[in-house]
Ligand SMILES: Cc1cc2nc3c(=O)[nH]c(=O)nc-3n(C[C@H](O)[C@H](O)[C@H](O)COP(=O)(O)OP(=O)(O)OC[C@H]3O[C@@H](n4cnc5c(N)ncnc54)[C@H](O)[C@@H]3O)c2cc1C
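One chain is shown next in structure tokens, namely the form predicted on its own.
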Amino acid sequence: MMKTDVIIIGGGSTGCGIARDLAIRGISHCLIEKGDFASGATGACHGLLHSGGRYVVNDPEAAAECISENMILRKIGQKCVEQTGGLFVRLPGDSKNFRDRFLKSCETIGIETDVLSPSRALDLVPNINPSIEEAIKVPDCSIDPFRLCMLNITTSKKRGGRILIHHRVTEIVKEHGKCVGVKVREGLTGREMELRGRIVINATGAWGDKTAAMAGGSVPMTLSKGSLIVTNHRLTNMVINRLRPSSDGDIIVPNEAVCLAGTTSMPVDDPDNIDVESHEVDLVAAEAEKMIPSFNSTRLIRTYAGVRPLLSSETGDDRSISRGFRIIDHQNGMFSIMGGKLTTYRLMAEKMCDKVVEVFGLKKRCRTAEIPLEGQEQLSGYPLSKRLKELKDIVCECELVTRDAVERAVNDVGPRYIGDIQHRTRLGMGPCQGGFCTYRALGIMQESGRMKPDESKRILKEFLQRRFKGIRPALWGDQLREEQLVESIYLGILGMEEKG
């Protein structure tokens, strides 16, 4: 049985941020995640570091938090953040009244804006719809959520934090009505163990109510599914937003070699049972085309969906719910931290850790806004253009991932899951979606000597099934033809077809 001060359940951006903050304050902790880091809403987001513009009219408190954290993350996480800048574009028919409210609210909160004529906007983004009425420039950025989590965890590991990924919490241990620990099961081997701690933090996002219920508590939540689509190349080097009240398909974000467009907002009951529907793909693509007309002829290579863990609302409208966050003290040794956004993860972690030191009677202030994220020097260049100097022994041509980078990731996490290698290197996240590099990476994993051939084949099959789930809603035209080629490689040349 292992003992620590704080047990963190959940390895998304908030959980990883809490682990970093506790490490810097010198508080022992253990983070438990049932999958890999960023396997929930963090890894299924836009990859947008908000300026606050999206919320400035209807949710000014969340907007103020976003612009403050935006500036902090630019400073402490330069290898995660691409300072693209963003445009809010007003199309014919979009309300000028909303535009006026937007500018006034930005001025009040302190979000820097620059009103651009259509010609100036076209100079910045040549692909943008030439019929726009105007555009407003804001300090939006693109951010890599996987790198963000890894770098936060680096600090935790360096300062003695215990990290258990692919471990599922099966029970909250209680004594005399108080949470004193957890029981966990390792995903691959089924091995079980017990951990004891003085405080348990529930940072499980969309699974927050289920986790709280294990300790006899509850969390008022509204779950909202958001679906996004991925293009096979960058259509813009700036974040593009529609200048209107938040709606479906009104954001396009450049991310490394591709663009992400979305999103939808649909209420769901179970975060473990979500799919991207074909009508969502059509809706997002149609709305994105209004901002960038060439979206209509661009190949879509993947779809994915995440579940927003929103604070409960009586309105019935997911988009009207505040993107703020809340800390719930269950009065039994467990705290739940709910709501928020990727952009505000550090602030959420700070407020949660302030509660921890208060409970422990300590006087240790937060310093996460001052100290750069550790481990950035070990990362390859960000964005993609900065990796051009590393064109040597490439495993993934789309994302310029080298063999050395894959080997480092295998040594770090072990040869168990291809997805873990992806998250640490971006292998397979580009236009081919792993079709032409996954088998190479698997060969490197097997060369480590810690993976048997049968296990290697099983892992590859599981990966291909997950990959196809995301690609299937976008299968038409060139994407369908490429997928037929990938199928021939794996089923024909590599003999992955089941014999029956």
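If you're wondering where the values come from, they're calculated on a predicted model, not measured in any experiment. From 1 onward, residues are counted along the sequence shown.
The form predicted in complex with the ligand is left out here; the points below concern that form.
Contact with the ligand in the model of the complex, defined as a heavy atom within 4.5 Å, is made by all three of G15, H46 and L228. The closest non-hydrogen atom of Q422 lies beyond 4.5 Å of the ligand in the model of the complex. Though the partner is left out of this view, L480 does not reach within 4.5 Å of the ligand in the model of the complex, counting heavy atoms only.
None of the heavy atoms of Q433 is located within 4.5 Å of the ligand in the model of the complex. When contacts are judged by a 4.5 Å heavy atom cut-off, R242 does not count as touching the ligand in the model of the complex. Of the candidate stretches 115-123, 300-308, 366-374, 403-411, only 300-308 contains residues with a heavy atom within 4.5 Å of the ligand in the model of the complex.
Note on the partner interface in the model of the complex: the residue among L223, A212, L342, V395 having a heavy atom within 4.5 angstroms of the ligand is L342.
Taking L195, L151, L235, V169 one by one, only a single residue has any non-hydrogen atom within 4.5 Å of the ligand in the model of the complex, and it is V169.
In the model of the complex, I9, G10, G11, G12, S13, T14, G15, I32, E33, K34 are the residues of 1-34 with at least one heavy atom within 4.5 Å of the ligand, listed from first to last.
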